[in-house]
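Next comes just one chain, in structure tokens: the form predicted on its own.
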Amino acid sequence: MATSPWWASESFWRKTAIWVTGVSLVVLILLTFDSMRQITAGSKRVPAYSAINYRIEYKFDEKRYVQVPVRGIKEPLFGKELSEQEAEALVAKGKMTIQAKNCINCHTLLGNGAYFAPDLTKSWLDPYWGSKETREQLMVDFIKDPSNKLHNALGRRMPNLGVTDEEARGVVAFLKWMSTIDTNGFPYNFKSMQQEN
């Protein structure tokens, strides 16, 4: 009667499968908690919501070889410094508006969405808005009624989605906060507006 080697036995592979599955589950749980810690607002790469009270600039990091966001001087959004709770509420309003209006059907945020319209990840610093002095109001006006304005160099236009003034201000706050997130240089071809004092 021939016996099979230990490594070919059904029992060995059953136990191995159970151990591999168990260890993989533990590693997955640990990685999930670590990822959540890394992407939570207030972490090293994702600043707290009150970052919208400061000027956001991009500087080239020689060590990482990417553009990274840098918080500059105080430059409150819409001229009013917000507490952490007020800033969170305004950013959340913008995020909910972007989700409700399904903006990623055309736009991209942090690499998610469509490529029909411009990427919004760093749109706060897009030179399209002219200057830092006029940007906030131009963005609000555009979001409220973009129908008569060119959307990008391809001549595409954004439809009027019926966004209210409060929702538009929330979207602008969300977009400013998004520009503070360290995205490892994504999108790579982005050129920031000049913000010299």
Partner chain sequence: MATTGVLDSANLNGGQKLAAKYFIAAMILFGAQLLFGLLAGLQYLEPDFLFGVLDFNVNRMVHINALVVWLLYGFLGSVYWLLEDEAGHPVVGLPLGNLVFWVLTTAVAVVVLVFLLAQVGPGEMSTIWFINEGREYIEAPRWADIGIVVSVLVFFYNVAATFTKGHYTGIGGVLVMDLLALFGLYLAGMFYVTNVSIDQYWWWWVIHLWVEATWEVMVGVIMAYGLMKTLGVRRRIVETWLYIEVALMFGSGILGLGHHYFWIGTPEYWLTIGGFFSALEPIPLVAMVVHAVFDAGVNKIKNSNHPTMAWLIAHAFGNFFGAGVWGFMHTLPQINLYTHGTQWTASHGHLAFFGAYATINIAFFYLAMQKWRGNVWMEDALPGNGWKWKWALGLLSMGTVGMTMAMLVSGYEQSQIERAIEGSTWAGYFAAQAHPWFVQGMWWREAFGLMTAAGYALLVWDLLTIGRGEQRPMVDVQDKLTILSGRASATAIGST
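Numbering follows the first chain given and starts at 1. In this text the structure is predicted, and so the values were computed from the model without any measurement.
The form predicted in complex with its partner chain exists for this protein as well; it is not shown, and the discussion that follows is about that form.
None of the heavy atoms of residue 54 is located within 4.5 Å of its partner chain in the predicted bound form. Although the partner is absent here, residue 175 sits far enough away that none of its heavy atoms falls within 4.5 Å of its partner chain in the predicted bound form. At a distance threshold of 4.5 angstroms between non-hydrogen atoms, residue 78 is out of contact with its partner chain in the predicted bound form.
Its partner chain is not shown here, and in the predicted bound form it never comes within 4.5 Å of any heavy atom of residue 73. Of the residues in 112-148, those that come within 4.5 Å of its partner chain in the predicted bound form through at least one heavy atom are, in sequence order, 112, 113, 114, 115, 116, 117, 118, 126, 127, 128, 129, 142, 147.
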